[in-house]
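This document starts with one chain, in the form predicted on its own, laid out as structure tokens.
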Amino acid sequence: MKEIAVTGGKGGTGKSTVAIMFAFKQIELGKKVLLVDCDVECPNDHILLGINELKNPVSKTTTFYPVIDDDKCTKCGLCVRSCRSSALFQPGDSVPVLNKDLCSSCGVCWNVCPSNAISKEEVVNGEIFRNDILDGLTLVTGRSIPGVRETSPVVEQVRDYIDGLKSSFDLVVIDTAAGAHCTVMRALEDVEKAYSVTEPTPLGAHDLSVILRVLKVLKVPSDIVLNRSDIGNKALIDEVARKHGSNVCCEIPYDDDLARFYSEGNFLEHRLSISKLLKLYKSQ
């Protein structure tokens, strides 16, 4: 069993499209595929597969926030100084105050408090959905609650959930969020390989360079998928690939049919055509 990720620094390059195309191709080869949408702030794999609304979550995800006991707190400020997210601040000689929008729920504050004045409050921050799309393809979707700023705990619990499913599948395909932030890095942990989807534009090249640096730090081998390869300046991507020792393994030129399948949200209906397109573009 292998676990791969489809990622990409820049949004809008076709990351989810490539993840689904790749899953379809593996199904055609006789494999059972678990597709995992870890773009928890804006998951859309289900829409492309014809599911307009996610229903019946299989699990809630939660996070913890520190709660400070005013009576126990000695106002030493150790929790404030230890918080790398700057989520705790101490106005004057007062009890520290929490800014939940900055809190990553790392737990440092309640572990360093010398007076045991900090307890944990568990709060629901998202949901996990499972949909059996067709024979050989199951989709697991993580979705954070609107307004939640730190969504990496949602991704972490999605990863924990699929750990119990992996043995039933030949391949796990992780569709990450765009960017190079904590949520993306959590989704990339422990994958055997990543495919970085980009486009031949200056912004595409810049953000590709960023995600390739992240993958190098995480020690995840990666190849590049160049989408809309015939629109823009391919030399920009070739230069980034050379700089980072990566390889453009697949070029996907703009395709009217693929764009139509995307806009109509009917990838499932046209999965055989999509699978053949990926094979054709790889041969180019």
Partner chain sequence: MRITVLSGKGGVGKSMLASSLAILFSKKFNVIAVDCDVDAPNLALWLGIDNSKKGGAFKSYMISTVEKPIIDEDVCTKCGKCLDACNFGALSNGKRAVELIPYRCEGCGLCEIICPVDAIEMKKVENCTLSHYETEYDFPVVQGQIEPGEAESGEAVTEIRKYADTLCKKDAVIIQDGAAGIGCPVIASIVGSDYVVAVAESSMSSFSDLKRALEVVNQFKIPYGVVVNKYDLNKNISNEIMKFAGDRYLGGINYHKDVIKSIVDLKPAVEMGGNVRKELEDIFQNVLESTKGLF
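Positions refer to the first chain, counted from 1. None of the values given here were measured: they were computed from a predicted structure.
There is another form of this protein, the form predicted together with its partner chain, and it is not shown here; the text below is about that form.
Although the partner is absent here, E269 sits far enough away that none of its heavy atoms falls within 4.5 Å of its partner chain in the predicted bound form.
In the predicted bound form, its partner chain sits within 4.5 Å of a heavy atom of R149. Shown alone here, K166 lies farther than 4.5 Å from its partner chain in the predicted bound form, counting heavy atoms only.
Contact annotation for G179: at least one heavy atom lies within 4.5 Å of its partner chain in the predicted bound form. The chain is drawn here without its partner chain; in the predicted bound form, the stretch among 245-253, 215-223, 28-36, 65-73 whose residues come within 4.5 Å of it by any heavy atom is 215-223. Taking its partner chain as it sits in the predicted bound form, the stretch 206-233 comes within 4.5 angstroms of it through a non-hydrogen atom at H206, D207, V210, R213, V214, V217, L218, I231, G232.
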